[in-house]
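Shown here is one chain on its own, the form predicted on its own, set out as structure tokens.
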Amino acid sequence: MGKYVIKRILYIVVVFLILSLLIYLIYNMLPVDKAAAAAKSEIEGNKLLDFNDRYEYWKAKYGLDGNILERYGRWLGIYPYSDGSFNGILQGNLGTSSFYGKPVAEVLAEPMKNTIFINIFATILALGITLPLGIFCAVRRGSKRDVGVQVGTIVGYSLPTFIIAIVFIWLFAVVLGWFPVSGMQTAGSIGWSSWARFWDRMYHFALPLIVMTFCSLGGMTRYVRASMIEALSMDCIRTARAKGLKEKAVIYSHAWRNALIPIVTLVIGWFLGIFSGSLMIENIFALNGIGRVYFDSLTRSDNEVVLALQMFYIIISLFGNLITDIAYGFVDPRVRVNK
């Protein structure tokens, strides 16, 4: 296991370097020059300054002097600046946002917390419903209740997220008036106690959570159902039933273990997906999350924020595959990830 993990980590490093270089080259082609913008802004405040001198100063300060590979190395943190220092991504410097005027790490801190908070709740709720529902439908395959659930999941799976969100806003916020239409807190709640602010935030998160959970039910339920049906048709399950084992033992001790392999991919992939943000949901409900920040940064050409998020998504994807493979070995002893 140890050798396999080390080999995969080396593979992850190589792939990360290749992808990061490609993405940096793409964004470097955009007509955005923050050194020129900084020099122009400085000269507007002091007409006596020379533009070329200030431009060269800011290029050296931002690490934009030299060829493209040198600039990439400085951005990543593996090549020194003109003063001999290393100050890139590997050193924790994600750059400075051109729109917010502060470090990217500070820009992403609060949205990342909000995205993780709401998506963890949605993931737990979705798994708590889909796993037992999928098993129930597989065990009672072909029954009226199974057919009803399948029709409902097909409808829910086919509808776009924004349509479901609009319908739920109309029903729960406009008609019933149970939840607010958008936002994350009640106006004037800053002076409330921490406990009151927490429940106020949960009240505002309730409708987005319902929408996110509902949108995930269709695909996840069908996935779990298909895995369980395949597991229940295996010869070892027939043998277990022929030996006189109780049906619960057959389903939850034998069939469920065999169905876990594809479900592990679903669960881990879904859980790691929380870090990418819920772009549609966060924009519809005006939530300050990673998805909304990513969308806004693209429209504002805030490349430092976009690049940082792209690198983060790449790392999550690469390590997610490694975690999935390792989880296979724990779920099914027949899988030997060290070979």
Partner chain sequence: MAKNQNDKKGILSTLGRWFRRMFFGASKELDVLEVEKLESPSKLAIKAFFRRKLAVAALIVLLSLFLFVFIGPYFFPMHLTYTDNLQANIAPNFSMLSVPSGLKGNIRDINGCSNFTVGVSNDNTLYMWGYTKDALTKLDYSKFPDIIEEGNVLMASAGFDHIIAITTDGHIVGWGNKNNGQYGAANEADGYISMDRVLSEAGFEKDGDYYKIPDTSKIEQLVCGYQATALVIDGHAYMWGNARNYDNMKTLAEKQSGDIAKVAMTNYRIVVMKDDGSVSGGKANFFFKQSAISSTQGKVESVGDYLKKSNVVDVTATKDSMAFLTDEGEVLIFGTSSYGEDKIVLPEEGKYIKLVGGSQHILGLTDTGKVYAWGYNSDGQTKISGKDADDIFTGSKQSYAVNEDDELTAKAGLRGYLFGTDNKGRDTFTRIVHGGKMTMTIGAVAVIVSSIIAIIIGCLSGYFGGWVDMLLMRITEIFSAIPFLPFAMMLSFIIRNYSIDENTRIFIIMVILGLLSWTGLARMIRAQVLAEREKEFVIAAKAMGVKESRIAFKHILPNIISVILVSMTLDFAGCLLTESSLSYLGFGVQLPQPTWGNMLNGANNSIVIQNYWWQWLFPPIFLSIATISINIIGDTLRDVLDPKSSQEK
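Bear in mind the structure is a predicted one, so any value in this text is a computation, not a measurement. Numbering follows the first chain given and starts at 1.
The same protein also has a form predicted together with its partner chain, omitted here; what follows describes it.
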item	value
Answer range among 66-74, 33-41, 293-301, 52-60 for contact with its partner chain, defined in the predicted complex as heavy atoms within 4.5 Å	293-301
Every residue of I129, M212 and W256 near its partner chain in the predicted complex, heavy atom within 4.5 Å	no
Distance check, Y157 to its partner chain in the predicted complex, heavy atom within 4.5 Å	yes
In the predicted complex, R222 touching its partner chain (heavy atom, 4.5 Å)	yes
Non-hydrogen atom contact I169 with its partner chain in the predicted complex at 4.5 angstroms	yes
4.5 angstroms heavy atom contact with its partner chain in the predicted complex for S317	yes
Position in contact with its partner chain when the complex is considered in the predicted complex, options V174, C236, A109, I190, heavy atoms within 4.5 Å	V174
